[in-house]
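Quick heads-up: it's one chain on its own, the form predicted alone, in structure tokens.
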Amino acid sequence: MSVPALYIGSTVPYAGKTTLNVGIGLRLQKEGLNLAFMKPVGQIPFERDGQNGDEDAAYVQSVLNLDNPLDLITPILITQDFKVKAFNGQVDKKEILLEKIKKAIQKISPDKDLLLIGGTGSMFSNRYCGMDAITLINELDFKAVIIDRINHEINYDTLIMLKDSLGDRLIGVVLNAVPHSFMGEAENIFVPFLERNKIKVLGMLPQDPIMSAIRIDVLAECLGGRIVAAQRNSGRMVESFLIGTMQVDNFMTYFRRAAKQAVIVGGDRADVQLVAIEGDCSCLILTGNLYPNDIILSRAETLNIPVIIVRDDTYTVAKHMERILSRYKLRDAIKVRRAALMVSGQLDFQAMRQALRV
């Protein structure tokens, strides 16, 4: 590699790679580095102005104010057709695909100080076609930073395995979404443990509900629903949700514990709906394709609480909500600014730049 290259990967999908790419990229640009960005293997296909590319890659490039063609920043695009051909042994061999990535790098990185590279899925994704992160990093001589999203505990076994596979190419790891209650244990037990295993912890990003929040109008679209009240306030954010299937007294106990939450409730439960509206929920999501009564609509309009009607049952909507809030992409300007500040303030950029020699 003629230009230093930093690959941002993760132990599991949806761990925060986009957040890290944006945060690191903006900070290094602020420090005067001339960057290029690519996501060599993409799996969120979309089309823009007749070009095919990866949606996340295009978004990160736009935030970093870069303008390379989509087919160069994502030379390998995983589509359903690609998978079918791969499973039937009809795609190019690994060496040919790697050469395609190398040629793209040569075109986008002349006179650049650093090539920032976004990963896809987990470090093991796309192993079936030889395009997994471990192969790319070792074959193309990238440096790597791996982000691990805390879900009950650190994926320490996976991190140790990745260190064994990548060796000195692994600059370090970033622990993401660390709950406040877990911060002390992470600092005093897990960070020393990882560093005894020669895995440098570059930083810990605290759990931040805003980073997984979603606008109500976007949420309605994701759920296939329609907003029938207070549409003017559909830009409000939702950070969590509560299912309103319980009796009103029990519902109120749980409802008071969290702010900015959507309440998912059957369209026939006017009692819970009214309590949620009067309690200033972020929005009401009424299931079963049932229209609310006039009292509910009137109070929702008066108090500016959006009401979304969806066709699915309450359980199905709740499962959709879990996926949406855990996977919703970094799209809003407020999230970009927050990501930049969070990453800039928490990561050891000196160690990173020293390892990259930039």
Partner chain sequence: MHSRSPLTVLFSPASIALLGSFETPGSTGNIILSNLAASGFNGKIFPIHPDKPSILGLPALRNLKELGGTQPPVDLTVIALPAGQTVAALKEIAQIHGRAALVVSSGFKETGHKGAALEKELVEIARNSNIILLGPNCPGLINPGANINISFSGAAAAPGNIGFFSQSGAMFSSFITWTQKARLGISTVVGFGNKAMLNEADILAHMSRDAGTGVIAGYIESIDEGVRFMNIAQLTTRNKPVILMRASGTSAGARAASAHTGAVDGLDMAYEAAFKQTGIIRAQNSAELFYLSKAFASQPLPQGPGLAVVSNAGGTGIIAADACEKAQISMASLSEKTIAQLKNILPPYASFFNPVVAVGEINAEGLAKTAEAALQDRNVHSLLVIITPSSFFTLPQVTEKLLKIFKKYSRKPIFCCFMGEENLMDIEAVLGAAGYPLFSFPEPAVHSIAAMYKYKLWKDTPMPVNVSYRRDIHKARGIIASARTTAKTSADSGGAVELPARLAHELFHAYEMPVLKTKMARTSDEAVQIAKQFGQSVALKIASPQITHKTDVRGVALRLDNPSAIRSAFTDITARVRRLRHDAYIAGCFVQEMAPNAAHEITIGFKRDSRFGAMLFFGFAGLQQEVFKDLSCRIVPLSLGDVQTMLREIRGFPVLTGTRKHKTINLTAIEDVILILSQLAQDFPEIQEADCTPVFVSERGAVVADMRVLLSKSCE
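Positions refer to the first chain, counted from 1. The structure displayed is predicted, hence computed values, not measured ones.
Below, we turn to the form predicted in complex with the partner chain, even though it does not appear here.
Asker: Which residue among Glu31, Asp294, Glu47, Glu322 has a heavy atom within 4.5 angstroms of the partner chain in the predicted complex?
Answerer: Spelling it out, the residue with a heavy atom inside the cut-off is Glu47.
Asker: Consider the chain as shown here, without its partner, and state which of Pro206, Gly288, Gly130, Gly121 has a heavy atom within 4.5 Å of the partner chain in the predicted complex.
Answerer: Answer to the contact question: Gly288.
Asker: Determine which one of 73 to 81, 236 to 244, 95 to 103, 158 to 166 lies within 4.5 Å of the partner chain in the predicted complex, judging by heavy atom distances; exactly one does.
Answerer: The contacting stretch here is 73 to 81.
Asker: Does each of Glu153, Glu187 and Asp348 have at least one heavy atom within 4.5 Å of the partner chain in the predicted complex?
Answerer: Verified in the predicted complex; spot residues all out of contact, no.
Asker: Contact between Asp268 and the partner chain in the predicted complex at 4.5 Å, heavy atoms?
Answerer: Yes, Asp268 is a contact residue.
Asker: Can you work out whether Cys222 and the partner chain are in contact in the predicted complex, taking contact to mean some heavy atom pair no more than 4.5 Å apart?
Answerer: Within the cut-off, so yes.
Asker: So, Arg299 and the partner chain: in the predicted complex, are they within 4.5 Å at any heavy atom pair?
Answerer: No, Arg299 sits far enough from the partner chain in the predicted complex that none of its heavy atoms falls within 4.5 Å.
Asker: Can you check whether Lys85 is within 4.5 Å of the partner chain in the predicted complex, heavy atom basis?
Answerer: Lys85: contacts the partner chain in the predicted complex.
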